[in-house]
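Just the one chain here, the form predicted alone, laid out as structure tokens.
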């Protein structure tokens, strides 16, 4: 396949929803996050193909009709942008919840025969160009083969409709529970390897510093893979007026790779915390939390929420991409 035209070329983003707008359990397709580091390739589906190579017994080249011969799978999952790789600790809360459809990566790799020394799957996109003054041949990410669970897909549909160009048409990788940077759009190939990829998006960006107990950098880094526990308040919306003594419902969304076990809410700037009611997970979707609250003092009040994942990890108050979300309201 020849290199496609990029339209638009260069960095392109569309972030349509703020936390208080996350009112629908499944995000409409037109409200899904679009973030492209190098541009949006315009690909002719009739000429599209992707390669499977590296540490496999039978390298392959697949077209759309080849993907359609495999069993089709579906997963409803959160999809979150990790934020800017140039400012990795800034909370962005770019989160949606959608349904992907496609073919399991495991099924495709099984047909190719993966060598036992393979440890990582590299995924390559059709986008190319320059990001942060660094020339990039193509967008490449990797993930450990141990992460290839039942729901890691080569997706061709979003919310039961064909992908649009901005969302990765004609086929993209989807890694539920991992930040969106790992779900490579406009797939052109996958490589099985014994080491991590040498793309700047794996070596230079999207790696977090490991901190010691005092919060100091140790000089080591970890890949930005699994989504950390996070929550966002949907209601009340920022800057609304509430009535003194009248009950309202604080509610929002909470999520993490592997799910959430509890959410606590504070209405006094973190002095005290109350346990919110938490709905159970549906597949890999976000979970709704809620807490009835009757304002008992007038003035400007900050409402915050903190989530805890099922593995015991806690959402931090500040300093990280998943830092606490809060909204300020006025009680009169």
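Positions refer to the first chain, counted from 1. Quantities reported herein were computed from a predicted structural model and do not represent experimental measurements.
There is also a form predicted in complex with a small molecule; it is not shown, and the following applies to it.
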- [ ] Give a yes/no on whether residue 67 approaches the small molecule to within 4.5 Å in the predicted bound form, heavy atoms considered.
- [x] no
TODO: Give a yes/no on whether residue 282 approaches the small molecule to within 4.5 Å in the predicted bound form, heavy atoms considered.
DONE: no
Open item on the list: Can you work out whether residue 34 and the small molecule are in contact in the predicted bound form, taking contact to mean some heavy atom pair no more than 4.5 Å apart?
Closed with: yes
Task: 4.5 Å heavy atom contact, residue 166 to the small molecule in the predicted bound form - done: yes
Task: Within 4.5 Å of the small molecule in the predicted bound form, all of 251, 264 and 270 (non-hydrogen atom) - done: no
TODO: Counting only non-hydrogen atoms, choose the one of 58-66, 303-311, 25-33, 271-279 that falls within 4.5 Å of the small molecule in the predicted bound form.
DONE: 25-33
Task: Answer option from 75, 81, 228, 136, heavy atom within 4.5 Å of the small molecule in the predicted bound form - done: 81
TODO: Answer with one of 97, 101, 181, 199: the residue that has a non-hydrogen atom within 4.5 Å of the small molecule in the predicted bound form.
DONE: 181
